[in-house]
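The data below hold one chain only, encoded as structure tokens and taken in the form predicted alone.
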């Protein structure tokens, strides 16, 4: 093919190859266009245009690709397929369904250039209309329902870029996702399938202030550092501190309607655990499989680095799609550090001016663009939905002063700092209560006070004050020993110990303790607060502190978490503590 013919066909030729970065000449393209590179047709995306030279990041391994091979432009940006079939699916970073590719290749190892649509275009779904001929519809309106899984009804919507109009015809019954199910008087045809560019947020009417918590079932999170539905959170921590386990717990137990789990550059064995575990887990809400409301995106550390950069956008676009249906979506990104490292590698190959520690100068802007797509929204169709984003951060050596952690801290409003020392002491979840914080507390307190207890904020603040005082006292204990402290401070240390062991620790593998509702979280605190109040009264009455810290009843505090019928257990325990302490004076 001559060069002129290539230009007519919107094709160019490869000039150079540097890892995932390929430059091409004579390619008629725009920024962010998807192109197919080389004789094998490897998918890539245009990231820089300078004169006649176009720079492309390729989402697949480029070994064996050389200068002179063709580059074909699609003229379209990187987009995802949206429609029934997203849930209970496992994708790579560019929304290629891994199970479909495995069947196509007859191998778990994928060849280059293999592709498949994000959703099955041939499968038929039963379309149940919500509109009839003569109805007026506009962009975003729901025109029908499809039972996507046993848990989730998929709402077929007018695409956001449609003008809308009067419904002329409606086709109920079984259809593929590409067949027209609703036709409008202006000629627009609506199917169950949409495409949306991943780097463009889906439109909404208004981003509202979130006032409802995302209940995680983890006491340290719900009780001390809550996140709102539509909020943002970061989980930084060194290797082995429990980032992935914490995100697994959130994915299993958070009270979101939909879970999108993005494994971004993590080790293959960790993603294998997720892929094997999730299909076997039961949804605690419905008893149905958890995968019936989950979408997994697996882009492990041995996959091409450029696809790692795109997987975050793929995940957030899928989350926004379900948000538009009025669902609450929780997105777990594990981890944004690997995503930032992918940007750093591509940036260095582009010879861009590096920022701090070699990361690109636009690191903060990209992080902001990602987290800003979270929120509690009023959708264009009048419904309300949310996207909560929880991103793990993997600072090298646990150094929270490194650029990804610091730039993330400027953006997110909840910070769950994991501590390697706590993990070594077998304290899980190993969230450091002295370094963590939540800026959602005040706006969520009215919900907790209305739905759990009126003194939620008060008793939480008491627990925080005791833990803060313990932190100060520990410095003195390290110097002079515990016995040198006044008796009231020795008692404070004992109460703080029960807060740490009975309240902040939680067994993720115990069938009962793995999930703790807010009511139970509060009940545990009331038991410890009862011990606090009665013990200090006894101390004032002259009872020696040695007797106060060696009660028969107080060790039972650490067993409240594993009790199914905890209400009666806690009431009896509080009575036992009160009776035992008052019997001392």
Partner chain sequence: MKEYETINEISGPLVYAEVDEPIGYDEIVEIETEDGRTLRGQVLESSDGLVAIQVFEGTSGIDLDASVRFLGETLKMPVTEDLLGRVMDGTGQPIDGGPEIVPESREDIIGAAINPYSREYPEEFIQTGVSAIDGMNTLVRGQKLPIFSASGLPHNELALQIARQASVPEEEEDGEDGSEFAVIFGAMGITQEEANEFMDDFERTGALERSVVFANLADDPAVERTVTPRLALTTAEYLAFEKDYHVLVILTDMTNYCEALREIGAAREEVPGRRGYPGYMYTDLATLYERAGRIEGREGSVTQLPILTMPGDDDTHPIPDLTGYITEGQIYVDRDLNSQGVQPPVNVLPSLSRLMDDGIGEGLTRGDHGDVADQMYAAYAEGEDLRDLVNIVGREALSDRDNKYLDFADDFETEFIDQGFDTNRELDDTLDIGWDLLSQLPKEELNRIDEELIKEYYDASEEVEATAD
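It should be emphasised that the depicted structure is a prediction, and the values quoted were computed from it without experimental measurement. Numbering follows the first chain given and starts at 1.
We do not show the form predicted together with its partner chain, though everything after this point is about it.
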{"query": "Heavy atom distance at most 4.5 Å to its partner chain in the model of the complex, all of 186, 189 and 442", "finding": "no"}
{"query": "Exercise: residue 308 in contact with its partner chain in the model of the complex, heavy atom 4.5 Å", "finding": "yes"}
{"query": "Contact label in the model of the complex: residue 269 to its partner chain, heavy atom within 4.5 Å", "finding": "yes"}
{"query": "4.5 Å heavy atom contact, residue 345 to its partner chain in the model of the complex", "finding": "yes"}
{"query": "Residue 362: touches its partner chain in the model of the complex, heavy atom cutoff 4.5 angstroms", "finding": "no"}
{"query": "Contact residue in the model of the complex, from 57, 62, 54, 521 (heavy atom within 4.5 Å of its partner chain)", "finding": "62"}
{"query": "Option touching its partner chain, based on a heavy atom within 4.5 Å in the model of the complex, out of 473, 101, 146, 491", "finding": "101"}
{"query": "Partner-proximal stretch of 116-124, 135-143, 334-342, 160-168 relative to its partner chain in the model of the complex, 4.5 angstroms, heavy atom", "finding": "334-342"}
{"query": "Residues within 4.5 Å of its partner chain in the model of the complex, restricted to 234-248 and counted by heavy atom", "finding": "237, 238, 239, 240, 243"}
